[in-house]
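Presented as structure tokens, the chain that follows is alone, the form predicted on its own.
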């Protein structure tokens, strides 16, 4: 009787593939098919977390920082608002930075410039100023102030009492493109060549100088005073009902071209009348909110964030949220929406 040959050992498909992957790795190659669903998911997967900073809780730390270091030594005396899911990154979202900056009477935060664009939203105090590209502006609570990319700027305080503002920058965006540059001025204060209020007078009154040519992607108005903004918001309440998903929502505008006030960060302000609740809404941009006046709640992902004046919250992109106003509730916000729109992939969903 003929003998039966022994069965040939079969190498598993997975083991064979793994051996192939290891050989390919020696040439810095990797198989897309093992990573495709993670690289191109069906919907955004948030990398940051929902979070709220109550100003009354963080203010003692902000004030104590003045005992630890001077504005001149620190260059910018800021406590970073770091997202709990991004610890160690100095980021509030995957694309944005946020911090609370303090300047005390008589101090100067020295002049420098950088390729990052910055916004200041004034939280507390009066009498401080920022000087941007040769013009000084006095800052008041609720003012939205722009520091455009690569413009000399410094801060000072000629008044009494502490001054605190929310800093928002596009630092992570520029880091992604490896496009970060900075330069320190040889003097603590950069030269001021134009009178206070010049930019607002020239560009912020529905007028433009004849022959004006845009010299930057930013609005030439660099201080949007809260008094004007507040009047505009409350005027809307007399003209009709708020949008069901966003409330009375307005964007800060570049008067030269009607676009966003800044090229990478979308700045908006809204008013929700007392007792008003929005329907669920989500968009692909992660958003930082701060309450200016009134009280309310942001409800998102099973969490309830109570925001009163000066409280700050972050909502990751593509997470559904609703807003609920206890009384007339004004909210300032910034996000990377404008950058997403320019690149063609911003998306919203009204639920």
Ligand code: GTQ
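Numbering follows the first chain given and starts at 1. None of these values were measured; they are calculated from a predicted model.
Here the subject shifts to the form predicted in complex with this ligand, a form of this protein not shown in this document.
The partner is absent here, but in the predicted complex a heavy atom of 169, alone among 199, 123, 169, 261, sits within 4.5 Å of this ligand. Checked against this ligand in the predicted complex, the candidates 76, 136, 230, 185 yield a single residue with a heavy atom inside 4.5 Å, and that residue is 76. Although the partner is absent here, residue 157 lies well away from this ligand in the predicted complex, with no heavy atom inside 4.5 Å.
In the predicted complex, no heavy atom of residue 248 sits within 4.5 Å of this ligand.
Mapping the unseen interface onto this chain, residue 129 falls outside it, with no heavy atom inside 4.5 Å of this ligand in the predicted complex. Using a 4.5 Å cutoff between non-hydrogen atoms, residue 112 counts as a contact of this ligand in the predicted complex. Residue heavy atoms within 4.5 Å of this ligand in the predicted complex occur in exactly one stretch of 236 to 244, 191 to 199, 161 to 169, 205 to 213, and that stretch is 161 to 169.
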